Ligand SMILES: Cc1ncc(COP(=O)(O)O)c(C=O)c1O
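Given as structure tokens, the chain that follows is alone and in the form predicted alone.
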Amino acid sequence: MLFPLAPEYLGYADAGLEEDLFVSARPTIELLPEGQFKYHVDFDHLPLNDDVGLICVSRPTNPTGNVITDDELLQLDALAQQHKVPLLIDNAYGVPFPGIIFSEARPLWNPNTILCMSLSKLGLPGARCGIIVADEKTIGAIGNMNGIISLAPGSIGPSIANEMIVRGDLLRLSQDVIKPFYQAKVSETIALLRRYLPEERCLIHKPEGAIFLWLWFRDLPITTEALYQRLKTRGVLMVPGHFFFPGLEQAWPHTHQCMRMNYVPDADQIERAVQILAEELDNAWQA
């Protein structure tokens, strides 16, 4: 299973039934104005060999909020078809729903694509309802698997979603309620971060979607694992970045310089957490 753009979703790491299931590729990094940056697929160095049976990408990506461009997605699709392997797109935050995506992005599907969606980010996490759009053979296999593992899928999520579609609420809520809420929250949080952390101390991945910010403390004199421990003792939880690189075989210092931050809590909680983060970064540099 190839992740063409690491970092990727933490939950994938425990999904395999055997060791060495995953292989991932380092991205290229584009530095942007206002202390931001963006990851891109490095097509010149993709480890796409005969062992790869599936290409997987999330769009937008948890943890970084990155949205691979339409051109990148089309190139991945072409490579998948060339190598006769499926392209799996994890669309849990994407278009057309729940629409937690702040950049231009066209949906993609063809018979070689497995598109995964979810109702959880619509405010229905307890429904545990996943949606898969794929060719008939793939859907049949997944249906058989679910029949063994789950006996029968829950009906509450599909019933609610069906009613939302009948009423015309699904896309309306995504565009008019969910997206504006998260877009306002991320702008507010970036403003707070910049109040306490200058660009030379903290770079921020361009927030293009999802519900997290990805922070890069370039040249940090300690690892983000150590920073995590210091923050935790003061009541602040942020996830160190090295967990989000499953399948990356070569050591890369960048993986120990990044952290994932949830930007959804109330503004006063966010501000206090950012103050503590700034203090601990100062302590690390002074030491």
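We number the residues from 1 along the sequence you see. Worth saying up front: this structure is predicted, and the values here are computed from it rather than measured.
Omitted here: the form predicted together with the ligand. The next part is about that form.
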Partner proximity in the model of the complex: L192 to the ligand, non-hydrogen atom cutoff 4.5 Å: no
Could you confirm whether Y263 comes within 4.5 Å of the ligand in the model of the complex, counting heavy atoms only? no
Considering non-hydrogen atoms and a 4.5 Å limit, does the ligand approach K121 in the model of the complex? yes
Contact of R128 with the ligand in the model of the complex (heavy atom, 4.5 Å): yes
Only one of T69, N62, T223, T255 gets a heavy atom within 4.5 Å of the ligand in the model of the complex. Which one? N62
Ok, A92, L170, L79, L197: which has a heavy atom sitting within 4.5 Å of the ligand in the model of the complex? A92
Pick from 198 to 206, 70 to 78, 112 to 120, 97 to 105: which stretch has non-hydrogen atoms within 4.5 Å of the ligand in the model of the complex? 112 to 120
